[in-house]
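One chain is shown next in structure tokens, namely the form predicted on its own.
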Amino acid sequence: MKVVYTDVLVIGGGLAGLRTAVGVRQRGLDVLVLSLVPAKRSHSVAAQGGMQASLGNSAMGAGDNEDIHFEDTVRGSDWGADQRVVRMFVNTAPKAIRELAAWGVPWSRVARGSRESVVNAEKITISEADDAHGLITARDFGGTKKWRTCYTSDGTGHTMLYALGDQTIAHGIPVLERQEALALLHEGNRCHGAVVRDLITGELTAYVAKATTIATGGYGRIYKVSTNAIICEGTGIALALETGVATLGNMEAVQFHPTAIITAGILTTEGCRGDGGVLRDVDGHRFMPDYEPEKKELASRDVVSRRMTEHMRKGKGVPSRYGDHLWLDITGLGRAHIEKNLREVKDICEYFLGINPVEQWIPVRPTQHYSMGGIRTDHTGQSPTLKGLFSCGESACWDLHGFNRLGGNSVAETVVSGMIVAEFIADYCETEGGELSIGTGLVREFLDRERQRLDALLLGTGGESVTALRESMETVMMDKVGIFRTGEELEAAVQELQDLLHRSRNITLRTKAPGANPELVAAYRVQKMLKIALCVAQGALLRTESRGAHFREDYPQRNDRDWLKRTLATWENDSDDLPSIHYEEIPVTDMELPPGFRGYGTRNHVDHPDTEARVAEVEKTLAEVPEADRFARQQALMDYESLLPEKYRGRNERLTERL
């Protein structure tokens, strides 16, 4: 029996995992990072467009601050977010981006003087102030009132991940590659680490830790076409689900990105539209102003994706052998801009489509992109039901994004949540409750259980094919749990996924090697992925309303009266074929920004019975402090600063707000 002890175990080597590891190491704790792939090949490296932080340096971002970022994020979430967490996030994001600059991220900068830009498909002149010269600049993104998305050309994730990778080396943090966690070590409501399999040798090791952090990203690969890397299968989230103790939150909240290329599903960044690109139909008509005359292509992602699908349903898609698509036109931006600020997009178009986007339109259609759902945590990043288990980044339901994420907020969330959660992890490890208290007998029990499961797969004779099961799951999710959902299709999806789960318990492998065996890996992963898929489908079936990225054609209204709540899913017994679903109320009486009209289409929601009273209370509170500055007015509405780790409290400096 091989056992490794550490203070903190981090599962996942992307931006969130590495920033968490750096944070706890700075507090003097030992930390190990486990990664399926070399850390600098984690999916974080694929982030293109940028990271939101309200710096307010550029002319088009002038006047931006935490209050505006907060409102954009809450409205973008369709009031599904935890507003205290949103406040913690928007306060810390400027600190995070400046820290990354100090660590070597080469953020694009403001250049003094006049320059030409494209806004709303028209060329305009933007004049940058002398005192902003050399400061971090920003581009426009959907769902924001200000240009707030800081970037490094269109390779933001690449530069951020490499900088953080260098920081792990500088801090002497071991990053163990080709290691896959199979199960969490837990007893009662306490997590003690994980059972981990070496993907090369097949050896099982128990990693015992005071605190365990899951930062494994999203679950996009349960869908047939996704912008996610092939390792984003949701199996890290499934580790928490399979404990029967930890809960998953809002799993039905799945975002589709408007502009992925056909047929590969590779993302072309929202920066294309933020920089002035437009969407066109089969006739070359720019159609988004017909649906969203104010925000047009820069409406929130869920809205643009639905409008695109709706337009194709009207027969305005471009026919192709891969199905209908629409056009993304960035030719108006000019060669110099594309080759400087959208160079990865240009490379993708040339390598995968054989076209030059400087001169030709890009064939795109909405594709699964992001998972708002994940391991339910409190504001500290810890599971409320399984102590010692933390999560951050896309694998967590923290809950920053609610039912729809704004572009740029996820890249920011990785490092911001990593910074904040690392402090709470360190605090936990230093308490009496964080002490190691696990016997070797329990460790052996978990190791033996996982070894028996692997042996059962290797020796199985049920005749089921891993490949066939996975392909069927992906097709069900794509066809019946997509952008537009109906009760009939969701019921069928749940039934079909249940059948696939039953069949997955009778897999036969052609390759019996216990070590490096991709077929074995696919077998135990597909069993976990089917449970995740069922959480998504069942949650979507039961939520009889439309909110953010979850859109029910048979229930098109947002219904705050009955559904202003988070979906919580647990998997109580391994033999079950459905998750247990329950709910967590989102209290209106605590909100700084009470629910209202989101600003897209026509007003179509049912008010919560407490909304009117909370709106009146907010107005009364603000009327009592008319001369106060914005910080005092905000504090009067909702306290959040006391929730932040002390080192991240305090104000952010801007050109217009000097400290």
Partner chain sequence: MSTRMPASPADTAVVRRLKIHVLRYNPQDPASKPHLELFEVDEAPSMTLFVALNDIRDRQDPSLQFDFVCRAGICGSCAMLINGRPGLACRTLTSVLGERITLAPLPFFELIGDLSVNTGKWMRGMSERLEAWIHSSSEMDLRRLEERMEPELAEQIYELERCIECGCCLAACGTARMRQEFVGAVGLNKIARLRLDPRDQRTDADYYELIGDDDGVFGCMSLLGCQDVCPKDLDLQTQIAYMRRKMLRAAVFSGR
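Positions refer to the first chain, counted from 1. Being a predicted model, the structure only gives us computed values, none of them experimental.
Another form exists, predicted in complex with the partner chain; not displayed. Remarks below refer to it.
Checking Ser410, Gln538, Gln167, Thr235 against the partner chain in the model of the complex, a heavy atom within 4.5 Å turns up for just one residue: Gln167. Of the listed positions (Arg286, Lys565, Lys224, Arg561), a single one reaches within 4.5 angstroms of the partner chain by any non-hydrogen atom in the model of the complex, namely Lys224. Of the candidate stretches 125-133, 240-248, 401-409, 454-462, only 125-133 contains residues with a heavy atom within 4.5 Å of the partner chain in the model of the complex. Put simply, Trp107 is close to the partner chain in the model of the complex: some heavy atom of it is within 4.5 Å.
Interface membership of Pro518, defined by any non-hydrogen atom within 4.5 Å of the partner chain in the model of the complex, is confirmed. Although the partner is absent here, Met1 sits far enough away that none of its heavy atoms falls within 4.5 Å of the partner chain in the model of the complex.
Using a 4.5 Å cutoff between non-hydrogen atoms, Leu442 does not count as a contact of the partner chain in the model of the complex. In the model of the complex, Tyr648, Arg649, Gly650, Arg651, Asn652, Glu653, Arg654, Leu655, Arg658, Leu659 are the residues of 633-659 with at least one heavy atom within 4.5 Å of the partner chain, listed from first to last.
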